[in-house]
Ligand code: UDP
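Quick setup: one chain, the form predicted on its own, written in structure tokens, and binding and motion questions come after.
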Amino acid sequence: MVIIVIMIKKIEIKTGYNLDEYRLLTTLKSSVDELEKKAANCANLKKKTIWMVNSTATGGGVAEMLPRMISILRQLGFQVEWLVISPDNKDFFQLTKKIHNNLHGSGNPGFSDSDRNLMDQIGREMAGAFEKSVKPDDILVIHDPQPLPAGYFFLQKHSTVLAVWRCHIGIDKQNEASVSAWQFLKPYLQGFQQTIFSAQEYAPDFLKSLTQVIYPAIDPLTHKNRPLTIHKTTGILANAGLLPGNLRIITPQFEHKARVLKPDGNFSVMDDSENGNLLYQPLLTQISRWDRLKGFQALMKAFVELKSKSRTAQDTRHQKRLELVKLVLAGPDPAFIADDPEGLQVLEELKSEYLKLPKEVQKDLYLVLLPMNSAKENALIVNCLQRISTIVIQNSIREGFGLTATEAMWKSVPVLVSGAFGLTKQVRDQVEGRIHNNAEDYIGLSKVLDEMLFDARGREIYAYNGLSRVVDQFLVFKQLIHWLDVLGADGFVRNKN
């Protein structure tokens, strides 16, 4: 049997903004009031400790959402803790990545006896690691497949603990790959009283009766989403190495800067001759983890096709727009994302494609590694890149829910998304943005990009509608109201009894 080291850490959460500060934004006041009213009716829930458990404290939507969810719930009087539990075992993360891809309907289906044995062994070890933390009357919320077996083995010994599994991934129409993954996970879901998905369609049939739907959401005042002045925006981009370093600004340079792929095949900080154009030329941006399901390669091809349209554009101004337009493909340094071993492989594939591009296209395409040493600086860089973008793109082949699209809509930036089911739950075609149905159809994608760039008035309408939709549906306050509906409901307790 393989010796496995289990790393478990209780993550400290900063208070951040208090609820009265959110109220200062007129767009948020009614949402905060509604949440406080809901919390006042959940007195019994405040007597329990709620444990949020996932596999990483950095990178990805779950790690971004949990800190603000926990902080706000604490301000409302709830006892909430965050545990990150993770085995030091590469084979385990290769297995959970396969599960992740299969749940999205991608990859080769089928799991072996050795896969089951590995999942069981690590699940037992992880369950034992948080025996001392979770008490009999607590509530356990497990996020995604990685810590799911830990929850199962823990519940076998502690049947009085109320338990919820929150799955952030899925596919609306099950196929052979997804069915294979669900059959593999099914035994580990025994003992859970509720499951939560981002859409009812993502839940397999055997979980339908236990499923609630909660949309992911953003906190409007985090470093990634808070309003920024033009001076602050330019300062952050300069500090990060994405604007000329000789600008005279108040704040010091970031210790760790963004690195950009160069024509020689190396990632390094841009020099002053290479940067500066992002701020005042048309800019297309996609920011995601380095994942094959994010559609990066098709987007690169679409950009090449888009640039070629400048030679035949009939409108002089649009011709100039196409000549100047740039594309940023940005994501975290894969070395910092412990639970995603595929990231480095995907980045190498994109690098190989970039090096094949004509030099005139290379100079307008930025493949950017975002520093992860400081979560604050990383979030501020993402905030700025989205705010200066003409269009934010999310070209996912599969997407349970795309927070990057929500973030852009909050910032009143028009979005272009693929027809991945989760994205269509956020964006309505020609209302909050544009949808092109086939993420791998780079010709069709370039056509929609061309249309959006030409239609300045349409982009303004999408931006306005996108902000309104986020305020109505996708802010953390609405999300927490739904969480309290689930955790504080009498039915939740009755299911346990």
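Don't overthink the numbering: it's just position in the shown sequence, from 1. Computed from a predicted structure; not experimentally measured.
Although it is not shown, the form predicted together with uridine-5'-diphosphate is what the next lines describe.
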{"item": "Residue among Pro87, Pro414, Pro149, Pro332 with a heavy atom within 4.5 Å of uridine-5'-diphosphate in the predicted complex", "value": "Pro332"}
{"item": "The unique member of Gly241, Pro145, Pro220, Gly402 whose heavy atoms fall within 4.5 Å of uridine-5'-diphosphate in the predicted complex", "value": "Gly402"}
{"item": "Options 182-190, 260-268, 310-318, 281-289; stretch whose heavy atom lies within 4.5 Å of uridine-5'-diphosphate in the predicted complex", "value": "281-289"}
{"item": "Proximity of Asn378 to uridine-5'-diphosphate in the predicted complex, heavy atoms at 4.5 Å", "value": "yes"}
{"item": "is_contact(Glu64, uridine-5'-diphosphate) in the predicted complex, heavy atom dist at most 4.5 Å", "value": "yes"}
{"item": "Gly444 within 4.5 Å of uridine-5'-diphosphate in the predicted complex, heavy atoms", "value": "no"}
{"item": "Partner proximity in the predicted complex: Val382 to uridine-5'-diphosphate, non-hydrogen atom cutoff 4.5 Å", "value": "yes"}
{"item": "Stretch 216-241 - residues with a heavy atom within 4.5 Å of uridine-5'-diphosphate in the predicted complex", "value": "Lys224"}
